[in-house]
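Single chain ahead, written as structure tokens, the form predicted on its own.
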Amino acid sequence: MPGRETFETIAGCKTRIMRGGRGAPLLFLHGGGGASVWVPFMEKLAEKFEVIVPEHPGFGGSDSPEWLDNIGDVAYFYLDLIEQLGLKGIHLVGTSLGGWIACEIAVRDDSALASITLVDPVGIRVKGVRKADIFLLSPEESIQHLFHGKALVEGALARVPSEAEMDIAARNRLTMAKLSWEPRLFNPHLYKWMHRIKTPTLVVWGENDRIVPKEYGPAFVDLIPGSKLEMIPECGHVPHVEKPNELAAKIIAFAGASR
């Protein structure tokens, strides 16, 4: 069953939110491509949790507020959202950009969190290990870098997006650039404060990620006390699309052990 769509005004920002399922709250923070539809991965998680999927300020159907300048603004926005929605015992899941936002939230205040799962996150820099420069990739190259499976790459390349989808993609890309253009996809100060994350944390990586190489996984684990790393083989940068059942199973098992 598709998640139901609602709108909430958080910090003056009208925010599109999809919700579905029942149970403990699971807050899913999407990556730079947005979260315009309720995908099978979300439906799988909704069997165990109440899944809450906001679109970040400046993305998709959410407003672009005047106060949105940097990734810290997004973190404080989500702390306001958590307070306004009265969420507690949250299982926080973030992929790529969403994983970075999850870290920025947790170093500020993780008191409402029960577990954190970071999926191929950006947000830090590992010396000597180069990330792909997503702002220099063509649309075709972006697809080729996202997925490991040949069939997924070919299917995505063959699909013709609608005009509305192209408009949303352009808006998402503009906000992504605003948040992460310089420095590219990381906060040079974040690593200094990741020791403040006390919530049980799982880091999951697609073993064949061509955007953020798998060597970043151990770097995140080294910075977050007590965290652990799990790899998903034959998988690129978006496990929630390429290996949704496997990723959902890892999140469900980890969240259950963290209660």
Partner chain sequence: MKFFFFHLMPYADLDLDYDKKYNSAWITLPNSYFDPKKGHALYNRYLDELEMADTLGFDGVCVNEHHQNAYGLMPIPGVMAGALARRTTNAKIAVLGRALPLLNNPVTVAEEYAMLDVITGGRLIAGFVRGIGAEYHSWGVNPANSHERFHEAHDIIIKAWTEIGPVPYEGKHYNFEYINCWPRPYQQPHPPIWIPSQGSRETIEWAAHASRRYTYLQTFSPVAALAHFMKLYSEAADRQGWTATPEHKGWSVPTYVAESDGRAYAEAKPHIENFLNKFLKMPIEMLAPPGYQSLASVKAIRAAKESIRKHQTIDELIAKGMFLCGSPASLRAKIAQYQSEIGFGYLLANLQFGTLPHELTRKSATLFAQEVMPHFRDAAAPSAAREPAHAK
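Positions refer to the first chain, counted from 1. Everything numeric here is computed off the predicted structure, so don't read it as measured data.
There is also a form predicted together with the partner chain; it is not shown, and the following applies to it.
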| query | finding |
| --- | --- |
| Answer option from Val129, Ala151, Leu174, Leu157, heavy atom within 4.5 Å of the partner chain in the predicted bound form | Leu174 |
| Option touching the partner chain, based on a heavy atom within 4.5 Å in the predicted bound form, out of Arg108, Arg125, His145, Lys178 | Lys178 |
| Candidate stretches 132-140, 91-99, 108-116, 78-86, one within 4.5 Å of the partner chain in the predicted bound form by heavy atom | 132-140 |
| 4.5 Å heavy atom contact, Asp69 and the partner chain in the predicted bound form | yes |
| The partner chain in the predicted bound form - contacting residues of 155-169, heavy atom within 4.5 Å | Glu163, Met166, Asp167 |
